[in-house]
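For this one, two forms of the same chain are given in structure tokens, first as structure 1 and then as structure 2.
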Structure 1
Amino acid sequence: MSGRVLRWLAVGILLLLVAVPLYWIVVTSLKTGRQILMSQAIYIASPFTLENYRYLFEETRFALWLRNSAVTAVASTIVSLAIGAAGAYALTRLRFAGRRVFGALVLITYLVPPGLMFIPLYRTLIQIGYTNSLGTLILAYPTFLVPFVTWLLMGFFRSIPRELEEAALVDGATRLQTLWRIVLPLAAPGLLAAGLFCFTLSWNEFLYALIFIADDSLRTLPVGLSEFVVSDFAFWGQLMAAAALASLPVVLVYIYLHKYMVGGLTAGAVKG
């Protein structure tokens, strides 16, 4: 009995722990600048206003950053899925020398933290003269997305019976045809999970976007958001409105992702 009470108590505390900061984002975004500045009605938005949201779209480059983030996230997701799926198929189904070593290499590159890679990668991008464009990010994000997708999909591909492919091969299909018509359709949940993870990781990415992009009109949402804080003063109402909107797409994506997630979590661990 006491175990049950304790369990509910723990659940309650955890819920509160998660809910309070989220509530603080939403409630701040609905306050007027004056209400925030004067510390009036701290816990609720009274007066209630959507002015911060209007301001974001009409007076700032928020819509542009939103577009930049969407373009970058969608493009790097597509690129990474294509490259990763091809690689995962080769590594799980085809026999060639160096396969196991290469598989380990993919895993290692996935594990190298971006905090260690950003300066070397930046130097290289400068050397090849390719910084300060959305293309730079679409080139850079696959460095962490592709190893992840490959690793994740290898798990999914392994779960597809080889017999299905062998039957098709005997019937005269080529390897590429079996990949396209049998393996990929059967691995659709895996592809979906991988794609959604890629989108989320790209959408949330900050470090590379901060460093590789100098032009304000090319900023992605996270970088644009961080720029709202001017020294120690910030327009918290607008900033929290932007925070709420920046979180919305991934929260929506995640509602779909949720049922595919357990598979994704066990097939390849995700950053945390």
Structure 2
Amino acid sequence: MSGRVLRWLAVGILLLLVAVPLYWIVVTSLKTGRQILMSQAIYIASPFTLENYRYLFEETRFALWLRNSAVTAVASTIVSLAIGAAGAYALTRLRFAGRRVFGALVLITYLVPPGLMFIPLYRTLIQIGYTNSLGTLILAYPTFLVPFVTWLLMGFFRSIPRELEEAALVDGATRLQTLWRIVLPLAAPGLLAAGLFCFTLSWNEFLYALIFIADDSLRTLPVGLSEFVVSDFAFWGQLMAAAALASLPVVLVYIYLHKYMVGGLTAGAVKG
């Protein structure tokens, strides 16, 4: 009985930690400026207003920031998955000199904070003359996404029996066909999980987007949201409305892919 109470207590605390901030964001976004400044109707917006959401789309470039973030996050996720999957397959299946050292370097690179890499990366991009573009971010984000994808997929690839690939090679398939038709479908849960984390990290990334992009029309959502904080004053209504809408794509992606991830992992467990 005590164990059940502790479990429900833990679940309740977890729900409070997750749900309360989200509820606070949504409620604040539905309040008027007076309600927020005067601390009126603290827990429920009464009367509620959609003025903050209207302001976002009619008075700011919120739709443009949303598009820029979507393009950057999707493209960098695809690039990172392609490079990371190829690297993970090579490190787990191919035999070549320095394989273990290269695998260790991938782990070390994964542990390096992205904040330490933006200066040399920025100098490199300036030297090749490719800055102030969404393509800059699509090239920059894989520098911290690829090591993560590679390290995550190495575990999934090791769990796939080598006999399946050897049978395909005996039947005349090339190494690339084996990777595309056998390994990647079996590693689909890992690819989905890695893609989900890549999309989330790219969507929320702030530092690179702030340093590498100077054009206002190319700003992403995290950088655009900073416009609602001027000196020590924040436009809380607009900021919370933007935060609520910015969180929506990530939440939808998690909800949509969650069933495929669980289904794939469950099928693999039964098959194993």
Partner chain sequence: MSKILTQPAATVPRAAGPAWFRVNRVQERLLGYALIAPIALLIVALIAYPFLNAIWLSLTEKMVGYPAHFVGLKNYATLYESPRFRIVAWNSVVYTVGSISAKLVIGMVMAVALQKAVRGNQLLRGFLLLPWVIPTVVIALTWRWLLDLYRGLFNVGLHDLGIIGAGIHWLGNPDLAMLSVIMANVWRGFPFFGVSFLAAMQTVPQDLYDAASVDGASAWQQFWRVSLPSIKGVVAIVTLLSTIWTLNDFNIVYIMTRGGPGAATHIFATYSYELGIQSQRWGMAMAASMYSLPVIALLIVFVVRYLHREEPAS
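Structure 1 provides the reference sequence; residues are numbered from 1 along it. We call the rigid core the largest set of C-alpha positions that still match within 1.5 Å between the two forms. Bear in mind the structure is a predicted one, so any value in this text is a computation, not a measurement.
Structures 1 and 2, same chain in two forms; the form predicted alone is found in structure 2. Positional change of S39 between the two structures reaches 2 Å or more at the C-alpha, relative to the superposed core. Once the core of the two forms is superposed, the Cα of L15 has moved 3.7 Å between the two structures.
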